[in-house]
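So this first bit is one chain, no partners, the form predicted on its own, shown in structure tokens.
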């Protein structure tokens, strides 16, 4: 039986999970692969730190170049994260004819074209199943399972931290800051949660899915991204009254005019598959022209789910090596010549229904003034809730649900309303998504 050697760069949480899977499930992997898959060397800046699994000290080095330039190592796994040193390690590995497996969604979102092009030129594979959805095999599903489909749309809950926070806010009625603190204490959120709560992590992931689905590399900085910091228990309560749940939703759609993509909190009808996803779970709703609507669901992060995805890539690449197959390298998904479908649509031109909350002075006729401004800007009102009217005046929240409208028309109306003396604070608006 042949041996296919792996060099692991980064022995953090996921790296330890990969080591655990490859050692504890060694026999079943060998049986299915027909060859031995072995970690030959591990590069980490701190070999002696305490880890959740026991790894012999002899397997460690602090110099990743030892792995990259070792001719006996066939596959390099990069698990250090970031977009600088990790990129250098991956590009250097490819130059040295190594296949690469990574969970680094930020790197692929920003530098995927460079990495995949280099791999294609060298005829080596880049495995990135773990970059989106943790243990959910969404990359393989889109690349292989839906290969006969034009992907029409993707709606995803792609960040477990934000879904956990919104789920807890919904269940307990707690405010954002309180639940974020709980999430950090329980390990669901990082000490610096910016990438999660501001939607950046989810945007990295939807950009990768859009690349695979629509055949285009998008400049990451052009993707509209909005987080959940401004979501309040009041908005969650009003949404519930209208029959909706609030989720941080990643969207990628192919339409005749081009590609719609973005990340933002949205209202989703309750008792539907995406609305029912709770806690730290992820879900991806994909619609193809042949297969129709489908949904994938599971844990989107964590040591073992992510390690499962990393090892699945290792095994797939090892099969190609073991059977001397032509390597798939990067799938031929990106287009060298722009077409109408590669145009990124301006969010302001998109049509949607909206939830809008105003904080208005409780005086007679104030709602009529707001309605006049909305009507002047072609914003149609479907329904209204006004609560907390007091005899002594003060401010009250007023919530409207709109008909389908052009987003820039709503923004123009809100800018005008905020200038009124009866407007007390910044207005809140959230998209309503039917999926």
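Keep in mind that what you see is a predicted model, and the values were worked out from it rather than measured. Positions refer to the first chain, counted from 1.
If you look for the form predicted in complex with a small molecule, you will not find it shown, but the lines that follow are about it.
For the options 213, 102, 207, 159, the one in contact with the small molecule in the predicted complex, meaning a heavy atom within 4.5 Å, is 159. Of the listed positions (236, 183, 321, 301), a single one reaches within 4.5 angstroms of the small molecule by any non-hydrogen atom in the predicted complex, namely 301. Residues of just one listed stretch (293-301, 82-90, 144-152, 108-116) have heavy atoms within 4.5 Å of the small molecule in the predicted complex: 293-301. Contact check for residue 201: a non-hydrogen atom falls within 4.5 Å of the small molecule in the predicted complex. Using a 4.5 angstroms limit between non-hydrogen atoms, residue 196 touches the small molecule in the predicted complex.
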